[in-house]
Every structure is written in structure tokens, then in C-alpha cells.
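In the form predicted on its own, a lone chain appears below as C-alpha cells.
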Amino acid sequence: MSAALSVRGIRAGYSGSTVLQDVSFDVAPGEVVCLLGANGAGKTTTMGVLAGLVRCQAGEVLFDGADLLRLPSHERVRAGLVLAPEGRKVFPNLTVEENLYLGSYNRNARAGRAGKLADVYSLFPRLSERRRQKAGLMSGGEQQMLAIGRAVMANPRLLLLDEPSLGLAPMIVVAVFDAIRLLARSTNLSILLVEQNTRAALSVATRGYVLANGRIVHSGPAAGLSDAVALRDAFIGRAVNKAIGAEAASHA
């Protein structure tokens, strides 16, 4: 199956500092792929490159076979690549419904706005209950639902979810990931998920990539990644793993 998104050898960073080095991965149509790694690994920078918020210094990004890097951010949204950003970034002085309508601002999404709104309210009934409430008065979990719902309103073909569990209570994390799972099952939507909560991410993904120090260090089916040495190294460091191994050997 050909890739919906194909990333090849990208390099990117900020103010002369390189964050990503030779990063390559694929997302197939209808597939959920997770990008895992500790803070500072380069996950959000990767999302920024894809969304057009961070300049790509080298490499190639193809979306449905077309050169994505040639398009400005708003054209990428129109083409079907939509980001639900880290930290939610809702408009606090607008109501829930006004935030959602802004998600369907691009002309390719306006025609189906009513249907998408119904889909979002079905996915997140809490948003329907609070549709007239200002977004700034909502809880963090409700704002995360709103951020995902706003992205869905843009009629994406590839949805980028950046740290959807960040700062949420465990019960809300379950609700958010249930919604992500439902989105993946009920549509042919491709999803690229950036997460530090590895258990939650791997529960919805088919495949995953491990990012450490700006490089992909491991990849494979989600079912096998949770026990991968490379994944443990990416989060707690190779030195710590060696110390644990030495301690275990001394008591063997």
C-alpha cells in the first residue's frame, strides 16, 4: 500500500540549532502511527515541519505523492493535513461552537460543516452540552476534546495529534483515547500521534517510531514496541538501563 505521508531524511531546527537529523517515516492511508520519545527528542518539531510551522532545512515530505514542503500552512490544511497542537490552543473568548466553526474555515471543509459538527458532537457529547460556553472556562480535558474536534471540522485526511494526553487526569486520558480509537475505526482517516504516554499511544496505533536526540532509533509494530530496549533507552537513558541490568545480574 502506498504511503499517505512519506517523510525522507528531514533536518530541521531553530535559530541555527539542529533538532531533527535525517528523520524518515511513513503513514499509510487509514493507519494510526505513533511517534514516541522523551521531552526534547524532536517530536513537536517534527509536527511543526509537517504543519508548515517549522522550516525544513533538508529532506523531502510527500503527502499523497505531492511535495508538501512547497505549500504554506493554510494550503496544507486545505489539502487535508490538519494539526491539533500541543497545549490545545483554543480561543478562550469564543464559545465551543465558534471554535469548532473556525476549524472548518477552509473552503474544502465548509460544504460539509453541518455534518462534521454533528460528528464531533457525537464523538464528544460533552462539547454538545457546552456548545454555548466560552472555551476559556472549560477544563483542560474539555479543551483537549475541543482541540481535536476543531481539527476534525477541517475535514482532514491526515490528522496530526500532538501530545493529546498532556496534563490530563487519567480518566480524561481514557476518554480522549477512546475517541481517537473511534475516529480511526469509523473513518479512513490517517493519524500521526505524538505522545509521551506510551501505553495509551500503543493501544491505538498499528505501528510506532521511537525518536531520540532528533533521530529515529527504532520502529516496528505497536504490539512489539512496548518491550523494545530502544524505547526504554529513549525515555530513561542507556546508562540507567545498564545499571539496572548490572544490579539484576549481581542478584542472579
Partner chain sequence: MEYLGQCAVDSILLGGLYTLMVIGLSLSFGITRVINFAHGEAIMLGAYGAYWAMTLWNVDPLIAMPVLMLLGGIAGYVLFRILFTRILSAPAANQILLTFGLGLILQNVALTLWSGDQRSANPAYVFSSFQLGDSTVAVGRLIGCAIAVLLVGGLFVWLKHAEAGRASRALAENGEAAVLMGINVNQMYAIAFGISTALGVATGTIMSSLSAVTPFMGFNMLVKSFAIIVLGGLGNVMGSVAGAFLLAFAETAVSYYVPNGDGWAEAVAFAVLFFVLILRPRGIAGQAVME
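Everything quoted here is computed from the prediction, not taken from an experiment. Positions refer to the first chain, counted from 1.
As for the form predicted in complex with its partner chain, it is not shown, yet the points below apply to it.
- Checking Ser139, Ser122, Ser73, Asn108 for any heavy atom within 4.5 Å of its partner chain in the predicted complex turns up a single hit: Ser73.
- Residue in contact with its partner chain in the predicted complex (any heavy atom within 4.5 Å), chosen from Leu127, Leu83, Ile180, Val152: Leu83.
- Proximity of Gln133 to its partner chain in the predicted complex: non-hydrogen atoms within 4.5 Å are absent; the residue sits far from the partner.
- Heavy atoms of Ala200 never reach within 4.5 Å of its partner chain in the predicted complex, leaving it off the interface.
- Contact check for Gly103: a non-hydrogen atom falls within 4.5 Å of its partner chain in the predicted complex.
- Although the partner is absent here, Leu94 is a contact residue: one of its heavy atoms lies within 4.5 angstroms of its partner chain in the predicted complex.
- None of 32-40, 218-226, 184-192, 45-53 except one has non-hydrogen atoms within 4.5 angstroms of its partner chain in the predicted complex; the exception is 45-53.
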